[in-house]
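For reference, the chain that follows is the form predicted on its own, supplied as structure tokens.
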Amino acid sequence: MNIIVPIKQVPDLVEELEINSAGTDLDREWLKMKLNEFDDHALEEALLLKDEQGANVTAIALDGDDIDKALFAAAAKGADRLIKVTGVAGTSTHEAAKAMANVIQGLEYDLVMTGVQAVDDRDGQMAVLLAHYLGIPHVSVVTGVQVAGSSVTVHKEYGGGMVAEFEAATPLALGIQAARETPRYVPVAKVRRASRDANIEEMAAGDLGVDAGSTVAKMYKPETGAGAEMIDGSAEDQASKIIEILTQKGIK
């Protein structure tokens, strides 16, 4: 079995985020990036299938800042092949999916497993679009995958904690929400060793020709209010003060 895992770097949300001068994007000059959380789960699920089925796992990513580090980290975790797609940058999800599909369609694959969404993609459609451009079925919001020959059993999560079970045949695209196990940790020393031993293949994105997606007109930080008023005293005193405040605001 051959599994392809598209991954991407996203802004680390624990950092202080600033907006660029045009107000259309984050200021990325000093922005710290990290592997998309959901892509990390997709990679883990693929590696679990490798452990169970002896699958071959390929990690693929669009060219960009620090993406080599993310690919080498994937190799350190167990990915067998690394591919960097060149000739495309700053793309929408539609363009990214088309670029990925252009490369993937020339590879041998049974499953394409990517994160169900990312903090910066605005639509969460990567798995859907990959399936569209590759001409294969897809299931998204996946929380578990089992393989038996060419048959794949997929657990899909719905709102309210409901989980459905689907059976599908390969080739198949999956949007992974959560792996069956927590993504494995890989020490920095192992990533450095992978950067010496592993090879990143470069492949051209090819013709995109995509006229779809959305653009950001304006970004801004939420306005800061006056702050909270802390109410001290006993429970009775606090209750009386809350009633007084609500009455002053005309709430009865």
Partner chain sequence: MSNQIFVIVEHLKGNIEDITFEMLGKGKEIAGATGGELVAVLLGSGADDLAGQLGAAGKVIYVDDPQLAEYNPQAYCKAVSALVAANQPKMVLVGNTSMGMDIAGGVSVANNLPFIAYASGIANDGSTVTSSLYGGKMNVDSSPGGDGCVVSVIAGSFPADAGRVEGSPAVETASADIGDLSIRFKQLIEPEGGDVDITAQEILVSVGRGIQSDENLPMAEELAAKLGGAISCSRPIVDSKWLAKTRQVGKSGLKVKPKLYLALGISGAPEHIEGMKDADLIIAVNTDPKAPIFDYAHYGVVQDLFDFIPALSSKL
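For clarity, every value in this text was computed on a predicted model and none was experimentally measured. Positions refer to the first chain, counted from 1. Think of the rigid core as the biggest set of C-alphas that the two forms share within 1.5 Å after superposition.
Unshown form predicted in complex with its partner chain; subsequent notes refer to it.
The putative spot formed by 37, 125 and 222 is fully lined by its partner chain in the predicted complex; each residue has a non-hydrogen atom within 4.5 angstroms of it. Contact annotation: residue 218 falls within 4.5 Å of its partner chain in the predicted complex, judged by heavy atom distances. Looking at residue 162, you'd find a heavy atom of it within 4.5 angstroms of its partner chain in the predicted complex. Contact annotation for residue 110: none of its heavy atoms lies within 4.5 Å of its partner chain in the predicted complex. Looking at residue 146, you'd find every heavy atom of it more than 4.5 angstroms from its partner chain in the predicted complex.
Residues from 128 to 145 that approach its partner chain in the predicted complex with a non-hydrogen atom closer than or equal to 4.5 Å are 128, 129, 132, 133, 137, 138, 139, 140, 141, 143, in the order they occur in the chain.
Relative to the superposed core, residue 234 shifts its CA atom by 2 Å or more between the shown form and the other one.
Remark: with the core as the superposition reference, the CA shift of residue 243 between the shown form and the other one reaches 2 Å or more.
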